[in-house]
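Shown here is one chain on its own, the form predicted on its own, set out as structure tokens.
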């Protein structure tokens, strides 16, 4: 029993921590007047306590990362008791890697939100339990080995994100973003449910391994009879998962949702939600649809994903270069990065070693993009936010530390050495070359060069332009929490860039069971 608790420790830490945080939020005293009526009656016990609750949330999430690292060192394969929760939850090194990545990124977002929410007068205590339970859902999604647990985990993650997007209740853009994400997210879930129903009808299984084994056993007349349903189920599942990772043309929700959401939530969606989406994409494709016939280039999913990767990279980079809003540019940038990661997924269909490259890329991208959104929110306080490129003009001279932070994370996202962003792209493209996907690697490289344009454009404005006469000038926030979060992210981005072999050694062990 102890070994089972150890195997589930990251999930249990977040679940118990989230419930305790809810109690702390509900039974505390509001620190702001908006939490009481004119007669002194408490109507929002969490009002004005964002910093306090955010710090607690960060401790819980980082504790989840510590438990994940401890479980990695022990080795989930040495804990046979974890098989008791299979197939609903698969506790393997693949799951443990994502549990660490998701908890670590969630902790950074909690620190950013602890400063951002009070600054922008949306100091609502419910944000942080939502953040924790959404991360719990993301971990469960990465561990899901059954269509039932997959759907429950997906909705657990998504429902919290819908609420975090609409945190500005009186802001029409925020409400629109939340509604758009909710509606399209519901459509994506419906596609996946329909796919699951078809797969159950064909195979009689809901567990991914059972589905994969049943498909592999189909031959002759039985295969001819059921091939059409399997093909339709595969396409429906791909559509649903493509929505979750915001691959073109299923990306239409992302720019508006990213722009309308509070900036910490945007960073969370770009880093954590996307990573969880890729985790379940990998598990579904390589476990349920891992039969060589479905993975063939003649009639399987690899050419479909390859086409999605190419379209996603070109379309997202083209749209990102046309944006005037830096936040919207980063939204399209995150879509382009989904295309780069898909290159690695396609390569993994020909060689299992490429999966490590995808995990390396996702970790480096998640930390870099959370850092970029964190630096962007640091650049502007309430009423004087940094929204457009013009808002960044002259920032390098006025506030060199803020400009340096933005530049550093933009450089990593652009893939410039010695950051983790460079080695992430390098490993993905190298994996494609190793399995003779030369065209896909060349397309990725070309798009990396195209993508560097809009990141460098921000640097040009910060260091080589001055604000227009009479234009409002963004003023940075004063927050030690933001500085701490950015410092932690920067150490990881630079450390993994300078010493990539250590991280590559870790991800090479994170194999699917």
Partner chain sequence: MELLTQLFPASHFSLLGLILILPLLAAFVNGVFGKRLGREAVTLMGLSAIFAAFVGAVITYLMLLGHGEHGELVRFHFNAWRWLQLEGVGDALAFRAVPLDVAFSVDALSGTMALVITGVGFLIHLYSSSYMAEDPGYYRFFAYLNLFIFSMLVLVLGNSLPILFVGWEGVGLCSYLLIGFWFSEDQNASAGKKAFITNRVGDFGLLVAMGLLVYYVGALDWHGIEVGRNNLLQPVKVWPVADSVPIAQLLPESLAEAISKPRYASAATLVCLALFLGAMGKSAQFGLHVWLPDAMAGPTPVSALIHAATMVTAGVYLLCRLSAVFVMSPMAMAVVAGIGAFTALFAATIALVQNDIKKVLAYSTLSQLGYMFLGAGVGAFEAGFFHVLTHAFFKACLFLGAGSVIHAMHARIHDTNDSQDMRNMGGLLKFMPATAITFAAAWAAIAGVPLTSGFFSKDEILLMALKSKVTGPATISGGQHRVVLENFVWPEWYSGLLYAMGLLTAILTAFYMSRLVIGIFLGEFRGWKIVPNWVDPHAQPASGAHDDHGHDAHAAAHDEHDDHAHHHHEKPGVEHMEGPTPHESPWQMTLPLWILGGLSLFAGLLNAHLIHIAPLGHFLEPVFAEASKSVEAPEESVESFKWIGAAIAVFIAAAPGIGLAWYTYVVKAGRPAAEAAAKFPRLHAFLSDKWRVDEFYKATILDIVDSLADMCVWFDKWIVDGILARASAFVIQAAGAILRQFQTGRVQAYSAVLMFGLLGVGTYLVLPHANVREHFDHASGVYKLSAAPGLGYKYRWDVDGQEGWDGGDKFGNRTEATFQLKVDEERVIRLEVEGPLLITSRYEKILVRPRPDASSAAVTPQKPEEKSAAVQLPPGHPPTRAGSAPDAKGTL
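Here the structure is a predicted model, which means the values were calculated and not measured. Positions refer to the first chain, counted from 1.
The same protein also has a form predicted together with its partner chain, omitted here; what follows describes it.
query: Which listed residue (439, 249, 80, 75) meets the criterion of a heavy atom within 4.5 Å of its partner chain in the predicted bound form?
result: Going through each option in turn, the one that passes is 249.
message: Can you work out which of 339, 277, 255, 107 has a heavy atom no more than 4.5 Å from its partner chain in the predicted bound form?
response: None of the others qualify; the residue that does is 255.
message: Based on heavy atom distances of 4.5 Å or less, which listed stretch (406 to 414, 360 to 368, 311 to 319, 99 to 107) is in contact with its partner chain in the predicted bound form?
response: Going through the listed ranges, the match is 311 to 319.
query: Does the 4.5 Å heavy atom contact test between residue 286 and its partner chain in the predicted bound form come out positive?
result: Outside the cut-off, so no.
message: Taking its partner chain as it sits in the predicted bound form, is residue 230 near enough to touch it, meaning that at least one heavy atom pair lies within 4.5 angstroms?
response: The answer is yes: residue 230 has a heavy atom within 4.5 Å of its partner chain.
field: Interface membership of residue 234, its partner chain in the predicted bound form, 4.5 Å heavy atom rule
entry: Yes, residue 234 sits close enough to its partner chain in the predicted bound form that at least one of its heavy atoms falls within 4.5 Å.
field: residue 115, heavy atom within 4.5 angstroms of its partner chain in the predicted bound form
entry: Judged by the heavy-atom cut-off of 4.5 Å, residue 115 is well away from its partner chain in the predicted bound form.
query: Looking at its partner chain in the predicted bound form, which residues in 159 to 196 have at least one heavy atom within 4.5 Å of it?
result: Counting only heavy atoms within 4.5 Å of its partner chain in the predicted bound form, the contacting residues of 159 to 196 are 180, 183, 184, 187, 191.
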